[in-house]
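As a starting point, one isolated chain is supplied in structure tokens, in the form predicted on its own.
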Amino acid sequence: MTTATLNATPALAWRNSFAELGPSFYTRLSPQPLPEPYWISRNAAMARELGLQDQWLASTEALDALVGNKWLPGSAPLASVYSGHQFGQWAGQLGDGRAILLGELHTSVGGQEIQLKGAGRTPYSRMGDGRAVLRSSIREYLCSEAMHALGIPTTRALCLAGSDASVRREEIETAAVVTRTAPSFIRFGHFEHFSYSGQPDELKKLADYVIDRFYPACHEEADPYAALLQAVSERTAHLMAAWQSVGFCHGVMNTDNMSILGLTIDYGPFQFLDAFDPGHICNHSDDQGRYAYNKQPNVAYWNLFCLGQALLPLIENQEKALAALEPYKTIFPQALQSKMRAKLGLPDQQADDSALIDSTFKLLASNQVDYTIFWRRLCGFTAQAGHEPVRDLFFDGESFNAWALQYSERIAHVDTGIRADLMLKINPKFVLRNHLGEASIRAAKLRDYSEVNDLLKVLQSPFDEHPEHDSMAGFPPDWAAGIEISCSS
């Protein structure tokens, strides 16, 4: 087989089902060419899921196609329109301001939409330039794959490319494009757009499309649209439990950043907690603390309520809509408790587990304990040992000893090996801490992409030991406290 054959454009099976909804849902346009692009990182695992050859993904032809300089045969580029509530206020029409959907590929794991983030201005850019910068693109690329490896529903990232083209933010930066994938990028805001703009036919068409593609069981219910709202509520409840259990802060949970499929979407000012602070605000732009870590579950419900309002023209009964939201209130705490029991190594459920979980959170908060390191060290805790690796994390030894006694009594009859095995599979050694992302960004600005790629490999198997990368699992350096992330991040 010749090199030319290896690098030839693959015969991709495009479906483009979203485009079939019609022009009310999007604007067709071409991506804006990116000057002199270059590779930063390629995700071979994701490429294989999409049926792409490694050789093609490494080619110049792939680079041009995945930054928007060249059309892939069969793709149908477009930017979709949506609206939404931002920081609790109705923001009106929004839309894909810097993301262009190439289309939907038929793959062995189902339909996967391919979207270029940072591919240029669209009709929905709202005075923006449509570009993404290197730092934010690295953060999204790494975190989407980190979340996937943690078992948390998320959009994925196929590759990351850069350019020396200048982009103005707070300062002059360079441009980048993330190629990201998901079964769909439809958001709560898509439904809000057609509901608030008085387009009931389009609202129904969108809801029917989502049900047909992703929630077919809703067709069996008496009210398919109320069933859709309930199904989305349930997925969102499980997503929030997953976020809270790993200490993930999204930072900008606007309704236009909420996936109708219950995926983590739009990585901006996110952060994994270092010292455990329930009220931590990771977004420097969030002056009121609306999206603090401990407020995320309630904000998600508020956003679901907005989705319910948007669907009312189809449900036609407010009581049914409210009833469809009700399961969130029980599923979220149940799902979170289930995850926390697993993190504690408890293979069964007992009546006093809620009290143990609550006391654990209170202990971590009062001692400002590093969240990820605590849970990983706890994997080696035994009722008979001295617990020094865990105890050393606490400045209040007395409060730790009281908690350790409570925990020891709970696990006294749990097989130590089974418990440790369970805990090591749910308590990651590695998460994408801010300082790790920042270090890789600083290196990338000097055209050294090795840190991005090394970090990607570790984050793709976060429960493994990776002894050669122990430094990535250590405490954050002092300078990490000065990192500020905002909506432009």
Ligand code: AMP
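Quick caveat, the model's predicted, so the values are computed rather than measured. Counting begins at 1, following the sequence as shown.
What follows is about the form predicted in complex with adenosine monophosphate (AMP), which we do not show.
Student: In the predicted complex, does residue 256 have a heavy atom within 4.5 Å of adenosine monophosphate (AMP)?
Tutor: Yes, contact at 4.5 Å.
Student: Give a yes or no for residue 130: in the predicted complex, does one of its heavy atoms lie within 4.5 Å of a heavy atom belonging to adenosine monophosphate (AMP)?
Tutor: Yes - in the predicted complex, heavy atoms of residue 130 and adenosine monophosphate (AMP) come within 4.5 Å of each other.
Student: Give a yes or no for residue 290: in the predicted complex, does one of its heavy atoms lie within 4.5 Å of a heavy atom belonging to adenosine monophosphate (AMP)?
Tutor: Residue 290: no, not in contact with adenosine monophosphate (AMP) in the predicted complex.
Student: Do residue 195 and adenosine monophosphate (AMP) share at least one heavy atom pair within 4.5 Å in the predicted complex?
Tutor: Close contact is absent here: in the predicted complex, residue 195 is far from adenosine monophosphate (AMP), nothing within 4.5 Å, heavy atoms only.
Student: In the predicted complex, which of the stretches 142 to 150, 355 to 363, 121 to 129, 203 to 211 has residues with heavy atoms within 4.5 Å of adenosine monophosphate (AMP)?
Tutor: Result of the contact check: 121 to 129.
Student: Just one of 86, 107, 75, 264 has a heavy atom within 4.5 angstroms of adenosine monophosphate (AMP) in the predicted complex, so which one?
Tutor: The residue from 86, 107, 75, 264 that makes the contact is 86.
Student: With adenosine monophosphate (AMP) left out of view, choose which of 379, 94, 134, 218 has a non-hydrogen atom within 4.5 angstroms of it in the predicted complex.
Tutor: Flagged contact: 94.
Student: At 4.5 Å by heavy atoms, is each residue in 82, 98 and 169 next to adenosine monophosphate (AMP) in the predicted complex?
Tutor: Looking in the predicted complex, the three residues 82, 98 and 169 all sit within 4.5 Å of adenosine monophosphate (AMP) (heavy atoms).
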